[in-house]
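Only one chain is included here, represented as structure tokens and corresponding to the form predicted on its own.
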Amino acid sequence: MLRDERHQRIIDMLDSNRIVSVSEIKANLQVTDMTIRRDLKALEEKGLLTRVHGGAKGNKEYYSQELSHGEKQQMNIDEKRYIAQLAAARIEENDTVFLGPGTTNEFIYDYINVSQARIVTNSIPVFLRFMNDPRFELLIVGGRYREKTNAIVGTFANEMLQQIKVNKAFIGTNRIHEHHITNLNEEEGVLQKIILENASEKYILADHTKFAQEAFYIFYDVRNVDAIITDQLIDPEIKAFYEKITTVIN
């Protein structure tokens, strides 16, 4: 198991339980005590937890807040690239594609193999990835800048997207729980719902750590999307559940 994945799994355990023991982490991750101590030390240095005798407790302020774009860029990079490659393979010549905010969507640029397409986005980092490539006609949504995710949101952005039809929409999510696709900000959620409704094909991008948890705002129903694109580490039982109501690509 890679270091970033171990760190995310520890964070997820703390998110659920606030305090976890070294023995619980060891049983969950199947690694040595020495590896766990190194991981806890590294996470403590980042301010994500506090080490206590026999384990660690979560930083309450951290777990009640949305991660910044920069923080998300450091997590589950291999899984995000894998998902981005699967998503890019579904983009065809002359498609009009919406790419929402998120580091996975930024990686899609690295894997697109078309000579021409139109890219619509409300993400500044996505826009910057595609900006100097003549293969792509770019449309960036106008509105209010949200610093936390480097995204454009708000009334102006929503009104613009209500007038746009796309072949395919690729939308990230903070968490998926049962039929609920959720995120941590209602403005971004409203915008994502609008463009999903205006897309011929609707795809949700979520690495394996995003399942069986629910965030603040429900913005869409899993049963109404064409597919969830995830990585190969998804729990088999979770995959089986979602395969009954939509397509799971991994």
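C-alpha atoms forming the largest set that superposes within 1.5 Å between two forms make up the rigid core. The first residue of the sequence shown is number 1, and the count goes up from there. Note that the structure is a prediction, hence the values are computed from the model and not measured.
Below, we refer to the form predicted together with the DNA, which is not included among the displayed structures.
Run the contact test on Arg146, Lys148 and Lys193 with a 4.5 Å heavy atom cut-off to the DNA in the predicted bound form and return yes or no. Heavy-atom distance to the DNA in the predicted bound form: none of the three under 4.5 Å.
Check each of Asn198, Asn224, Thr50, Thr35 and return the one that places a heavy atom within 4.5 angstroms of the DNA in the predicted bound form. For this set of options, the contacting one is Thr35.
Would Gly58 sit within 4.5 Å of the DNA in the predicted bound form, counting heavy atoms only? The answer is no: Gly58 has no heavy atom within 4.5 Å of the DNA.
Decide whether Ile19 counts as a contact residue for the DNA in the predicted bound form under a heavy atom distance cut-off of 4.5 Å. Although the DNA is absent here, Ile19 would stay clear of it in the predicted bound form, with no heavy atoms inside 4.5 Å.
Indicate whether Ala42 is a 4.5 Å heavy atom neighbour of the DNA in the predicted bound form. Contact with the DNA, no.
How about Arg3: is it within 4.5 Å of the DNA in the predicted bound form, going by heavy atoms? Residue-level check for Arg3: yes, a contact with the DNA.
If I superpose the two forms on their rigid core, does the C-alpha of Asn224 end up displaced by 2 Å or more between the shown form and the other one? After core superposition, the C-alpha of Asn224 moves less than 2 Å between the shown form and the other one.
Once both forms sit on the same rigid core, is the C-alpha displacement of Ile25 at or above 2 Å between the shown form and the other one? Shift of 2 Å or more: yes.
With a change of at least 3 Å, which way does the C-alpha separation between His7 and Asp110 go in the predicted bound form: closer or farther? Residues converge in the predicted bound form, at least 3 Å closer.
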